[in-house]
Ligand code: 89V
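The chain below stands alone and is given as structure tokens, in the form predicted alone.
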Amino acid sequence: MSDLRFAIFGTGFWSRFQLAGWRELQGAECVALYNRTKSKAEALGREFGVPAVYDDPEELLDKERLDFVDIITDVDTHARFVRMAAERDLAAICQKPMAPDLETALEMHKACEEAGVPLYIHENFRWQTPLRTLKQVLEQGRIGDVFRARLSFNSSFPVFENQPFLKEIDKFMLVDVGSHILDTARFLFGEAENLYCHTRRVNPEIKGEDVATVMLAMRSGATVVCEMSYATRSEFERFPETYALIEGEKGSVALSQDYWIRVTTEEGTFAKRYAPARYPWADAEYDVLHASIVPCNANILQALQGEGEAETTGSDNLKTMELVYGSYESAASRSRYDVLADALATPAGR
């Protein structure tokens, strides 16, 4: 099978890690780059040997022979570029968050569905080594049926230094981090029936919220609390690790600092470290995140090659997007948000 040819749209902070992640796999070749500031695309092209560079997305799509596009641009541009790909019968991969609101996410899904092309979301948190291991523990039934869990992503990491644009967005923590953590909750525990959310802005120099707490009532009967913060200063900070404490009828499992997982049952506590893979191109401050790019890309590539279904399709991510934007509704109204049974239902018809 010949390599699938693709173009990357957007050559900002995350693009070089995404492109490096693709380079770890066989079966896909990046042949073109687009960025509205062409010099940035040229710099990335020189670094990775990508032959074609454009500052006009239409020109790129008209001139290049492609199988898919990988969209790594600002969330407000996702829908436009997805539609452009769909109009040319190209599959699209889109960075999270999928869209700036649920209605736009639904429109993106519809555009690809009507064109008969797949849409994937690069939701890589669920591909982290320790989180995949947690899923295995739950599936093995080692702690029995889960009745309560807590997922925590809290630190004082200066995220605004390398991504200053985050200071200016009106919706921050739930969109930037919540899209990951709420998707992780779905990955581990299934779908939610309802949620309640509280947000707060601690940093006076930003527009959006930097603290969010979401309590999910899952259809399984479990209660899951998702804690997210960039305003938390603690003794041992391990950004960008996600911690978890999951309680079941037969015991508990905890994911703690430095990727240690401890399973406690009546037989005792069994502990083992599940560190992510190490890549020379990964930023040491983002290692567990950057390592998860590779298996996420591999899963999507297999689907593009016709070798199974990808986990993070656009239709699946609609369910995560509803949790994200439903959390904002809950925080604004200080009331419970009831999750739609059908993620494809029209929000306006609630």
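No experiment lies behind these values; they were computed from the predicted model shown. One rule holds for the numbers: they count along the sequence shown, beginning at 1.
Form predicted in complex with the ligand: not shown, discussed below.
Within 4.5 Å of the ligand in the predicted complex - does that hold for a heavy atom of every one of 159, 163 and 239? Every residue of the candidate spot has a heavy atom within 4.5 Å of the ligand in the predicted complex.
Just to confirm, with a 4.5 Å cut-off on non-hydrogen atoms, which of 227, 247, 101, 176 contacts the ligand in the predicted complex? Spelling it out, the residue with a heavy atom inside the cut-off is 176.
Tell me, out of 310, 298, 289, 50, which residue has a non-hydrogen atom within 4.5 angstroms of the ligand in the predicted complex. None of the other options qualify; the answer is 289.
Contact flag, residue 127 vs the ligand in the predicted complex, heavy atom cut 4.5 Å: Outside the cut-off, so no.
Would you please decide whether residue 180 lies within 4.5 angstroms of the ligand in the predicted complex, comparing each non-hydrogen atom pair? Residue 180: contacts the ligand in the predicted complex.
Looking at the partner-bound form in the predicted complex, is residue 120 within 4.5 Å of the ligand by any heavy atom? The answer is no: residue 120 has no heavy atom within 4.5 Å of the ligand.
Is residue 78 close enough to touch the ligand in the predicted complex, meaning at least one heavy atom pair within 4.5 Å? Contact check for residue 78: no, nothing within 4.5 Å of the ligand in the predicted complex.
Please name which of the stretches 298 to 306, 281 to 289, 32 to 40, 57 to 65 has residues with heavy atoms lying within 4.5 Å of the ligand in the predicted complex. It is the stretch 281 to 289.
Heavy atoms within 4.5 Å of the ligand in the predicted complex is the criterion; list the residues of 14 to 29 that meet it. Only a single residue, 14, comes within 4.5 Å of the partner.
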